[in-house]
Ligand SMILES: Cc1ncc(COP(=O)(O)O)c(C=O)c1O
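Next up: a single chain in structure tokens, the form predicted on its own.
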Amino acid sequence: MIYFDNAATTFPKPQSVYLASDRWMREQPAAFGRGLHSAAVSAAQMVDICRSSICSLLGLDSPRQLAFTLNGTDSLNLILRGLLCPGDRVVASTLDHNSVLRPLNELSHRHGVSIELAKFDPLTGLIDVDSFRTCLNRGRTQLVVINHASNVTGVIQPVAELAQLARDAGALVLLDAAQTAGHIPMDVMSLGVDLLAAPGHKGLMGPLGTGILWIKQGIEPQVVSLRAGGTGSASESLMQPESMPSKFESGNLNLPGIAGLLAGVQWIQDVTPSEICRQINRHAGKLRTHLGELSNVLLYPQGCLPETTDTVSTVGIVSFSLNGLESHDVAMILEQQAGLICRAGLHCAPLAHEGLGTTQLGGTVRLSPGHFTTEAEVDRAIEVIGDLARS
């Protein structure tokens, strides 16, 4: 198997991730916040270390402002459904994933939340700043959602610039870091955002079923908790705690998952996000260069990606279409002929494909190499796609 679907979930994980999750299930009997015996204390220590490690990796402030969730989609829903009220107005973009678009549309239909979607430039993959500004100027905006990097094109957005415009308009800023957390060097506090949502199983190298939600201190009172129950804290009260992170951590935490997530984050810190980013983008750059030379292949976005020496412009995603073939057919042929695993279709981002003009093609074929991808695997992908294009 040649795995090129790391934008969906990273694979393989570092060996330490498998060992940590397995060890926790076999050797640690306690749940988080349930008791003061030695096993419960050990659980609390592991969870605290994981919070601190994630904050250190992503450039976040107080670890107490970081809550563990079921996944990235859960994190996004907790904010969108917990923050927005009937009649509120939110600005997002046509690059957003269905994890943002679907809850927003449900809030619109059921509660009258107004949605404005900024467009993006299909040649660069960047959100159109003028369109974004126009959306903000149409009325008072409570929340802005920024997709840090598209899961279709991999292009990283100018978050600091967009966040400044949002703050000037009096809006809170939610950053969807599904494709960036762990994949690129990040200093979230310098970006000027107020909330961050991310899964644990992608760039953070953790197991499936893990997610994180960071809320800037002082904003948590504005977000209603959608779940209530045991938190292991303030048990004498019949009301859900209002303090972070307990407010959003009802029920038992996924400790085997968090143990694996901690191991993944520590591995990233050892290797460094800069090195991981450099290697992934080197593989993606080679793919993009060679596929771009094939006459029957179209790359997306179709314009030249920005090339700079001091900033990162993409997260290493390569999307393409092959003239005359549906994207799912291409992916099926690649797997049958070379054991190459990739993602084809609309990637749960239908408006992004509408903007790129790929909807009628059934979307695109997406290659997303990872840290453990080898040069030989990249060469094999180029070879088999080239053969298919020429045939």
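Keep in mind that what you see is a predicted model, and the values were worked out from it rather than measured. Start at 1 with the first residue shown and count on from there.
Quick note: we don't show the form predicted together with this ligand, though the next part is all about it.
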Q. Can you check whether residue 76 is within 4.5 Å of this ligand in the model of the complex, heavy atom basis?
A. yes
Q.
Taking this ligand as it sits in the model of the complex, is residue 231 near enough to touch it, meaning that at least one heavy atom pair lies within 4.5 angstroms?
A. no
(Q) Check residue 178 for me: does it contact this ligand in the model of the complex (non-hydrogen atoms, 4.5 angstroms)? (A) yes
**Q.** residue 247 within 4.5 Å of this ligand in the model of the complex, heavy atoms
**A.** no
Q: Report the residue, out of 254, 71, 141, 314, that has at least one non-hydrogen atom within 4.5 angstroms of this ligand in the model of the complex.
A: 71
Q. Looking at 157, 99, 94, 281, which is the one with a non-hydrogen atom within 4.5 Å of this ligand in the model of the complex?
A. 99
Q.
Please pick out the stretch from 233 to 241, 145 to 153, 270 to 278, 285 to 293 that is in contact with this ligand in the model of the complex, where contact means heavy atoms within 4.5 Å.
A. 145 to 153
Q) From first to last in sequence, which residues of 1 to 19 have any non-hydrogen atom within 4.5 angstroms of this ligand in the model of the complex? A) 7
